[in-house]
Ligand code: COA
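Below you will find one chain, with nothing else, as structure tokens; this is the form predicted on its own, and questions on how it binds or moves follow later.
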């Protein structure tokens, strides 16, 4: 067990806090596993009404821990990051994200699968997959072109261009942009607590209806992306880019 993921339960709310500040909350295999198991536990617990995922008021997550990737490359679709992805898209309970500071790679793509996202206006989001010799993951190659149109999605995925929390809200990636990280975390918690007073069955059925239309296609795309992502991790392009990233850091 690691304290890199802090779990706090208050009434019907489970908060999962990324807590690795010295590494900008970069996600390791162990952290993915803990997040996945917590989501699965919340889904099976009738007393949990909502899950809140957050970092600190200064940083959400820098994405995957690159050193972890190089030391233990993903081998198949049962690897911890894919376990987490499946747990998030299968979660029947509402999932809310509170985002401030950096949200890189999966720190951005996981937001596409949350039900509500509250973000600081100056948050910095980026999906630098191609820049690292990799390819999009977590359904982003399907969702972003549909949400933003091909041209804007291409700018974000092919060029790895960054964008702000204010832009994320304007584009529909986030629910609302707030004036500070503290405000984003506070608003996310306030909205999460509202689910404690709503009929849980009705909430779950509504979420199911909203997600059901593209569920099978999304799962297929996530698997296709995942298979290509694991291949790319072993490519000379990715090894060189990831090693250069570690050296620069």
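These numbers were taken from a predicted model, which means no experiment stands behind them. Numbering follows the first chain given and starts at 1.
Omitted here: the form predicted together with ligand COA. The next part is about that form.
Of the candidates 31, 185, 62, 51, 62 is the one whose heavy atoms come within 4.5 Å of ligand COA in the predicted complex; the others do not. Of the residues 105, 94, 139, 81, just one reaches ligand COA in the predicted complex with a heavy atom at 4.5 Å or closer; this is 105. The three marked residues, 26, 66 and 124, each reach ligand COA in the predicted complex, with a heavy atom inside 4.5 Å. Contact with ligand COA, judged by heavy atoms within 4.5 Å in the predicted complex, is confined among 171-179, 97-105, 73-81, 110-118 to 97-105. At least one heavy atom of residue 128 is located within 4.5 Å of ligand COA in the predicted complex. Of the heavy atoms in residue 144, none are within 4.5 Å of ligand COA in the predicted complex. Residue contact check for residue 85: none of its heavy atoms lie within 4.5 Å of ligand COA in the predicted complex. Among heavy atoms of residue 156, none comes within 4.5 Å of ligand COA in the predicted complex.
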